[in-house]
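Just one chain is shown here, as structure tokens, and it is the form predicted on its own.
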């Protein structure tokens, strides 16, 4: 099962009885916007007890088209990596 943004809003709404659904939506959207901005600017995103998102720069490299075998150059790019916290890793592995 995939956890969607709508599922997150629903969970926030259920766990906070004084919050309206619109407020729950605004909260989730605000968190995601802050997270995106941090990653876009190159900052790491550390969520204690969950994990750390890192932005890494990849260099340009040689590659090939698997269908034709033609060589090509893959452009330099930025990628996001995730490293789970020890707490999350232990909980996942204990199931």
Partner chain sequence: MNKSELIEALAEKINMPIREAGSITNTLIDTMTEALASGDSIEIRGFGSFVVKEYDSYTGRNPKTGQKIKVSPKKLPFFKVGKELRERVNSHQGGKKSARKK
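By rigid core we mean the largest C-alpha set that fits within 1.5 Å across both forms. Residue numbers count along the first chain shown, from 1. Computed from a predicted model, the values in this text were never measured in an experiment.
Heads up, the form predicted in complex with the partner chain isn't pictured, but that's what we're talking about next.
At least one heavy atom of residue 57 is located within 4.5 Å of the partner chain in the predicted complex. Contact check for residue 75: a heavy atom falls within 4.5 Å of the partner chain in the predicted complex.
Residue 21 falls outside the set of residues with a heavy atom inside 4.5 Å of the partner chain in the predicted complex. Contact between residue 36 and the partner chain in the predicted complex is found at the 4.5 Å heavy atom cutoff.
For the partner-free chain shown, 19, 23, 26, 27, 28, 30, 31, 32, 33, 34, 35, 36, 37, 38, 39, 40, 41, 43, 44, 45, 46, 47 of 19-47 come within 4.5 angstroms of the partner chain in the predicted complex, judged by any non-hydrogen atom. Core-superposed comparison between this form and the one not shown: the C-alpha position of residue 49 differs by less than 2 Å.
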